[in-house]
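For reference, the chain that follows is the form predicted alone, supplied as structure tokens.
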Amino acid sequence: MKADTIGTNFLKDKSTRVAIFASGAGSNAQKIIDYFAGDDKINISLIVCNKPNACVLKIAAFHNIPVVLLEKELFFKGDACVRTLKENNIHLVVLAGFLWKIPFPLIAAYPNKIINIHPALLPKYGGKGMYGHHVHQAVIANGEKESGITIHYVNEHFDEGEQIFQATCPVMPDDTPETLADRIHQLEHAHFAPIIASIVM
């Protein structure tokens, strides 16, 4: 589980080095990378992914950011991922559409240093299996009038870590999971990177 030599974006100063964990298209990862481009305090140093064909890997390549591809057995057993992050001098882990549960050794190694964004207003619509369109389907099916995002620290339980920030949006009478997802994505893209900055500062 070594960082691929896609790039050598490592800084030698005292900036906060961030690893973004992502499983899919990487739209949140892209927004975060763009937000901190040229920042001397926060450096997006690593992209960690569990899918070899995920589009986020193309984003990493374009921005010359090293990549770690996770092997499932090694990720969930032992501390291989922890060693990789420590070897790359990572200070903060950001989950941006990463669908695997974070194992305890990683949580223990980075207490209050792993943050996640969830596409609903926790504690509602959280827990195992509640991600992406599953969340939006449930919100609409239950007749909710609003939804939103929650940015929170990660602990050993799905979506139960201490909340950092929430933002809301209306649920329209004619919403589908897709139209609600578009509105949620707008909130994610607007707020995730600034909240990361506020945590680091």
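Numbering starts at 1 and runs along the sequence shown. Not measured: the values here are computed from a predicted model.
Not pictured, yet referred to below: the form predicted together with a small molecule.
Exercise: S27 in contact with the small molecule in the predicted bound form, heavy atom 4.5 Å: Yes - in the predicted bound form, heavy atoms of S27 and the small molecule come within 4.5 Å of each other.
Contact test in the predicted bound form: Y110 vs the small molecule, heavy atoms, 4.5 Å: Result no; Y110 lies far from the small molecule in the predicted bound form.
Contact flag, M130 vs the small molecule in the predicted bound form, heavy atom cut 4.5 Å: The answer is yes: M130 has a heavy atom within 4.5 Å of the small molecule.
L74, heavy atom within 4.5 angstroms of the small molecule in the predicted bound form: Contact check for L74: no, nothing within 4.5 Å of the small molecule in the predicted bound form.
All of P103, H157 and E160 within 4.5 Å of the small molecule in the predicted bound form, heavy atom check: Negative, none of the three is within 4.5 Å.
Per-stretch contact check against the small molecule in the predicted bound form, the hit in 44 to 52, 166 to 174, 63 to 71, 131 to 139 (non-hydrogen atom, 4.5 angstroms): After filtering at 4.5 Å, what remains is 131 to 139.
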